[in-house]
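First, one chain by itself in structure tokens, the form predicted alone.
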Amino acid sequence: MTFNGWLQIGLVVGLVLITARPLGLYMAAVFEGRRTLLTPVLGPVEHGFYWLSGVKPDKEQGWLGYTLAMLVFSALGFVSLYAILRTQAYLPLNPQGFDNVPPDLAFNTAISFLTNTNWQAYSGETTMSHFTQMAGLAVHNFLSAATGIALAIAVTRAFARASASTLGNFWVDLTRTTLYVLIPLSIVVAILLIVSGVPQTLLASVDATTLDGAKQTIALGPMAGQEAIKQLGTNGGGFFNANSAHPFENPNALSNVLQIWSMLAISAALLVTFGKMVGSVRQGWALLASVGVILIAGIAVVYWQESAGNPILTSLGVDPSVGNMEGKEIRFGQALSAMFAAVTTGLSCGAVNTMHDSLTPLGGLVPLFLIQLGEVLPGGVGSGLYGLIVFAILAVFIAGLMVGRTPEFLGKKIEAREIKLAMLAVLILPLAILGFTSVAAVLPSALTSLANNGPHGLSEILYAYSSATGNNGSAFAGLSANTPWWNTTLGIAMVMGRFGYVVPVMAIAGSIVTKKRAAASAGTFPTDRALFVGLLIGVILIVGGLQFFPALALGPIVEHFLMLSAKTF
């Protein structure tokens, strides 16, 4: 590790913190219906959509109505995207002449983009037409991100309101998120990416002559626009199979910094939005500090391990001075490669500029562990916020047990119903991750997809189901997942991780919003100070991560000791 490397990491963190407050306050104004700089331009467009769809923006929904609207919208989104994938050969903008996507892969892909996972069991440049990329995948990059943010805002209103029965209107929140947040930011980021060298064209490919005179066909397409929302919406699905390691998706160090910032910008700002809407900006910063400590620690471990190198490669004569460079791009270096790996998994993004399968065992353990924590560091756009609120509820409950007092969070009493629902949400993750992993680890048809035996093979399986259930989308690339077993079970895991988690969370919001707000007293546990930050960090690590320790011990931890003894499978 070098001072220059830490300076690069500090620069990106600083950029995120600088933009978190203004963007967070702006989003609070948008969702509270206040006038913003974009209102004169986008206000008529917004109300035009309401008029066309018959939505009454002043008619709010209770938690059940809000949740059902989200589920119906998601179901229609799945059907529409599945139809595009299965008929792309007959649709326009298919200069490559690609055939229809097979049924099991179409199912997996449609679920993947619907749930903001963007798990890709295919190579985009050889499978998806331009029409599918733009009208199918990119559209759902916007809609799945907007859905997550809308749900987070509904949960926020539960704490901002008292003795109420409604959480807002799903259709209004979805529209405002897309119009006022995602589209403007995507336009700006897409332009910056084009300037940095990312293509944006409808051409299928270009023929090039290599240095030795051979001919090479280089795939092209409308990449910059999709890359922007891929990062801003923490979607992660790349135009190319190599994702952000590809020089067309991520040409240089500046585009790399922009992409890391884009992943973090909205999720970090939403914590400020939460604080502003509940009447305590300090609370938002306390939440941001909690997740920031864990995320930076994760970055440090990956940077340390990858810089230290791999003793097995060193014994084979590879120069150890630059660390473990297998699977990494020289143009990014160790520091920002490590930061990208931790950030993309601390969020639910899944974009990669480094092949996680090539990380050292402990370097690969960190992204896996960050996903298993529930991806709240600060998590996907929206999903990270409501996931973090679940941990905050558990944290104040544990604090209440310590002192024998009914726990409160932001003046709302946390009672048995909320704790039961919170635990139901938290237990969805290990149920899907460990359940599917245990079956796949002994099923012959699943094991044929593994490129490695032993503990690394187990890590590949565990990572796949962690990524799918956590709606992340990154992978240990040694797993060939485009088979009926993997496409189907990973699709089911994605559904469980998204909807099996959020429905109990919305039920919690429905219960919280009806409660009165109690005034703070001498016995109230303050949740905007360092003590709560430390408690929340402990709860995230223990409740979120301890249940996966036995599986991690059999995978990356065992592999680490094998590496130190220069043994491999």
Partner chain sequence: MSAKSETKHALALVDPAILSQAAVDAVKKLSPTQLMRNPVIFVTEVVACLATVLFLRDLVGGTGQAWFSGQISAWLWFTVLFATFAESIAEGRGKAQAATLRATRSDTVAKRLTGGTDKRTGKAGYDLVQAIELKLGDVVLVEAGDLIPSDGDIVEGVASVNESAITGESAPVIREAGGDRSAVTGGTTVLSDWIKVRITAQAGETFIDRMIRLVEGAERQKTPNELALSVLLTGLTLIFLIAVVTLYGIADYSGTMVPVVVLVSLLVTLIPTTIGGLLSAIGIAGMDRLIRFNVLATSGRAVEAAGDVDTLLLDKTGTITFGNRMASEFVALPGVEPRRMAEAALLASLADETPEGRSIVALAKGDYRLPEPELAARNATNIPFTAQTRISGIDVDDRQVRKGAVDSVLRFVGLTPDQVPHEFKTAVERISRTGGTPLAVAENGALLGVIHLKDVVKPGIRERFAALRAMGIKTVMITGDNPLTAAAIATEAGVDDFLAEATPEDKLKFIRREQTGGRLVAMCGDGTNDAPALAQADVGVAMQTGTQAAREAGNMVDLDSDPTKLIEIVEIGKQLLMTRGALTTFSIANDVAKYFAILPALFVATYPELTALNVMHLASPQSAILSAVIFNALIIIALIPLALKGVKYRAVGAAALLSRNLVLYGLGGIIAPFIGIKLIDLAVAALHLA
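Residue numbers count along the first chain shown, from 1. On a predicted model such as this, the values are computed, not experimentally measured, just so you know.
Below, we refer to the form predicted in complex with the partner chain, which is not included among the displayed structures.
Legend entry - the partner chain: the contacting residue among 221, 284, 124, 407 in the predicted bound form [heavy atom, 4.5 Å]: Checked against the cut-off, the match is 407.
Inset, instruction - Could you work out which of 316, 208, 211, 416 is the residue within 4.5 angstroms of the partner chain in the predicted bound form, going by heavy atoms? - result: By the 4.5 Å criterion, the partner-contacting residue is 416.
Inset, instruction - Can you check 300-308, 223-231, 433-441, 368-376 and let me know which stretch has heavy atoms within 4.5 Å of the partner chain in the predicted bound form? - result: Heavy atoms within 4.5 Å of the partner chain in the predicted bound form occur in 433-441.
Inset, instruction - Indicate whether the partner chain has at least one heavy atom within 4.5 Å of a heavy atom of residue 525 in the predicted bound form. - result: Residue 525: yes, in contact with the partner chain in the predicted bound form.
Inset, instruction - Could you confirm whether residue 385 comes within 4.5 Å of the partner chain in the predicted bound form, counting heavy atoms only? - result: No, residue 385 stays farther than 4.5 Å from the partner chain in the predicted bound form.
Legend entry - residue 397 within 4.5 Å of the partner chain in the predicted bound form, heavy atoms: Yes, residue 397 sits close enough to the partner chain in the predicted bound form that at least one of its heavy atoms falls within 4.5 Å.
Inset, instruction - Examine residue 565 and determine whether its closest non-hydrogen atom to the partner chain in the predicted bound form is within 4.5 angstroms. - result: Residue-level check for residue 565: yes, a contact with the partner chain.
Legend entry - Candidate spot 248, 272 and 355, all three touching the partner chain in the predicted bound form (heavy atom, 4.5 Å): None of them does, since no heavy atom lies within 4.5 Å of the partner.
Inset, instruction - Go through 271-301 residue by residue and record those having a heavy atom within 4.5 Å of the partner chain in the predicted bound form; state none if no residue qualifies. - result: Nothing in this stretch is in contact.
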